[in-house]
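Here's a solo chain for you in structure tokens, the form predicted alone.
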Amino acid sequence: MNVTFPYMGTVIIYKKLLELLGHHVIVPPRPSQKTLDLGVKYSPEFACFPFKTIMGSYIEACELGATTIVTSGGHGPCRAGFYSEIHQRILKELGYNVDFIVFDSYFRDKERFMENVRKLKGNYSWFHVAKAIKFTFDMIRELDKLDRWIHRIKPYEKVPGLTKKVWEEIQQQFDQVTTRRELKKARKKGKKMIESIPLQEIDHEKRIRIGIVGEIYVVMEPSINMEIENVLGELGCEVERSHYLSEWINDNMLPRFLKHSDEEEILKKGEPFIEIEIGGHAKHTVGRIVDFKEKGFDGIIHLMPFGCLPELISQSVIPRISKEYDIPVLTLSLDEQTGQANNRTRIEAFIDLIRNTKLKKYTYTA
């Protein structure tokens, strides 16, 4: 099988797992203007930004020879639940005859989930499949830990751009890993590389911590969210996201006895504002805002694709959360016409506001 997948976040993980299951993997190019142009051209106008970006990405992968697409589904009012069907129809009309394997949460449809695993496992034993899944899960957990670390220290780097360069090198090293011994070695080397980054000393009171929440694709894929984590790092802010791939796998694919998740706790924190499950990540978004506030974060940036139904509901309750929990929240709506300079100006003004408020509070307390 020539297998591909949507380009989102740390793609070496999807690549590694599919390679370990014996497939020829076609990694789609990182989303670019060409990807967006293709996606916009062949997508329905009403479709959201992730749909269009992924559409363009699929066309590029099909051009490279992909015959099977492995992706995730959706549930509730979120239109993502229909996207694989629509993507497949559009690709067929364009002359690409590709199969889709769509993974929803294991807990929503166990039978279909296992059927999809059987399609990908080929002639390998279940033991080999379990070993491959465990290996790649451990790999993404290590990468996510290093990712978090990188965005905690980036605002204090003495050499501008060095942490970004180190993070790219770390990912390249993990991409070469095929055994547990090599994984251990890559993890140790990654830690040493981060520890060797020269940092400025900043008083704890002057540090600014920003949480990023919202729809998973725009939160996790830097090429379509204006590389917001790096932008915030350059503006002197520590950053943490509401979504990491290891957490998504943990929450949606692992049996309950293997789970180490705070997902239920986060959703409970969102319940006073959104009582029922409405699809997408709306409830998770509002729960995370409360969670970030309780952890001492100074502000929140809420990312949503233009026209995203669940995140529109989140946006409507955010002013109430912001007032009740006394935390500033900036919502940015993203689509193919997003003006990066305009959004950067809004982000800079938002951070200035937080910095000045914190400075006044610190000065008054002192």
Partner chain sequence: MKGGDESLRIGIPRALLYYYYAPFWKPFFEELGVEVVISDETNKGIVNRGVREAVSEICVPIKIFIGHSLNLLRKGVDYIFVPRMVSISPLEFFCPKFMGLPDMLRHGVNKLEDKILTCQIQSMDDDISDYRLYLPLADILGVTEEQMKESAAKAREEWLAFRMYSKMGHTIPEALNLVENIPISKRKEASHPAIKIGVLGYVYNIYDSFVSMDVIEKLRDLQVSFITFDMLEEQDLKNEIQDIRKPLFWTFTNKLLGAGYRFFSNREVDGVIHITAFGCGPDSMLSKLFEIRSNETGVPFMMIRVDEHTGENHLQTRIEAFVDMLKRKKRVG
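Keep in mind that this is a model prediction, so the values were computed, not measured. So that the term is clear: the rigid core is the largest set of C-alpha atoms that superpose within 1.5 Å between two forms. Numbering follows the first chain given and starts at 1.
Just so you know, the form predicted in complex with the partner chain exists too; it's not on screen, but the next bit is about it.
Among heavy atoms of Pro44, some come within 4.5 Å of the partner chain in the predicted bound form. Using a 4.5 Å cutoff between non-hydrogen atoms, Pro29 does not count as a contact of the partner chain in the predicted bound form. In the predicted bound form, at least one heavy atom of Pro272 sits within 4.5 Å of a heavy atom of the partner chain. Taking non-hydrogen atoms only, Met304 approaches the partner chain to within 4.5 angstroms in the predicted bound form.
With the partner omitted here, the residue from Lys110, Lys188, Lys295, Arg89 that has a non-hydrogen atom within 4.5 angstroms of the partner chain in the predicted bound form is Arg89. Proximity to the partner chain in the predicted bound form, defined as a heavy atom within 4.5 Å, singles out one entry of Ala130, Met114, Ile276, Val159, which is Ile276. Contact annotation for the candidate site: Gly81, Glu85 and Glu93 all lie close to the partner chain in the predicted bound form (heavy atom within 4.5 Å). Here the chain stands alone, but in the predicted bound form its contact with the partner chain, taken as any heavy atom within 4.5 Å, falls in 305-313 among 336-344, 305-313, 30-38, 60-68. With the core held fixed, Trp149 shows a CA shift below 2 Å between the shown form and the other one. Relative to the superposed core, Asp104 undergoes a Cα shift of 2 Å or more between the shown form and the other one.
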